[in-house]
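Quick heads-up: it's one chain on its own, the form predicted alone, in structure tokens.
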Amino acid sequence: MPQYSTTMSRQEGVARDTIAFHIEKPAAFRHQPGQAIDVVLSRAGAGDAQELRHAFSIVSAPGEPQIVFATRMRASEFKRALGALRPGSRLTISGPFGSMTLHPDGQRPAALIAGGIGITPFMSMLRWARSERTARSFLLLYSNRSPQDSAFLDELRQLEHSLPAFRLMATMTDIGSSTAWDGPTGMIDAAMLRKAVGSRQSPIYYVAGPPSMVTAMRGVLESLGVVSDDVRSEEFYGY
């Protein structure tokens, strides 16, 4: 894969314990919505053999001037090193890679199913749809523990207003008494999915999130009679 040297531009909080990282886009870098990059950092005082590497889906649309990726911040060595980067810090990226990209037939609706930080590849798709003014139909079912944990939720609500063919259904699985939420609750199941899809004909399904969630959703889709060729998925380990 192509490898590029670049710099950190800024960090931005997008949910509880979740940071979006904006980096400068190399002139030759090109990607499709839904693809990913490897971010490569060096351990302090160590050589290339001691590099730290992690894959991240790209949040930004292809036409945006910077590359954006986002992650939950954990106590791992990589996340500590990533969080320590400041504007102007050097880092290396390789890619893009990944096949969870939009189906070439724009007449088929895209049904996106995201769990937690699995929202990231879908942000790139929806930002692309806004910039291209595409007529493709998008449905997003987005599951989180609570609104505070829901990365990019405000932007998604704005996208729903600016994209006539986009519908958002966000659901929360762990609403406490102190949290104001009047939308759907509970995990995404067959009944919720069937109701959300409604009369949309022959959608392509895209599933991204923790491995257990992706496995469960593939089972739900199979129970609804969706053939495997119409399902694309990506499991997010250690995000």
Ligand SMILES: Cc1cc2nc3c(=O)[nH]c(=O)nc-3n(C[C@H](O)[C@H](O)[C@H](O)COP(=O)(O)OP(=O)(O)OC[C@H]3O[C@@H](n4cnc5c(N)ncnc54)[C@H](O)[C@@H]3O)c2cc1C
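Owing to the predicted nature of the structure, the values given are computational and were not obtained by experimental measurement. Residue numbers run from 1 along the displayed sequence.
Just so it is clear, the following notes concern the form predicted in complex with the named molecule, a form of the same protein that is not shown.
Q: Quick one: of R167, H103, R130, R72, which gets a non-hydrogen atom within 4.5 angstroms of the named molecule in the predicted bound form?
A: Exactly one residue meets the criterion: R72.
Q: Which one, G63, G198, G176, P211, lies within 4.5 Å of the named molecule in the predicted bound form by heavy atoms?
A: Spelling it out, the residue with a heavy atom inside the cut-off is P211.
Q: Would V231 show up as a contact with the named molecule in the predicted bound form if we use heavy atoms at 4.5 Å?
A: Heavy-atom contact with the named molecule at 4.5 Å: absent for V231.
Q: Flag F56 as yes or no: does it have a non-hydrogen atom within 4.5 angstroms of any non-hydrogen atom of the named molecule in the predicted bound form?
A: Heavy-atom contact with the named molecule at 4.5 Å: present for F56.
Q: Indicate whether the named molecule has at least one heavy atom within 4.5 Å of a heavy atom of I117 in the predicted bound form.
A: Looking in the predicted bound form, residue contacts with the named molecule include I117, since a heavy atom lies within 4.5 Å.
Q: Give a yes or no for R108: in the predicted bound form, does one of its heavy atoms lie within 4.5 Å of a heavy atom belonging to the named molecule?
A: R108 lies outside the contact set for the named molecule.
Q: Using the arrangement in the predicted bound form, list in sequence order the residues of 186 to 200 with any heavy atom within 4.5 angstroms of the named molecule.
A: Residues within 4.5 Å: M187, I188.
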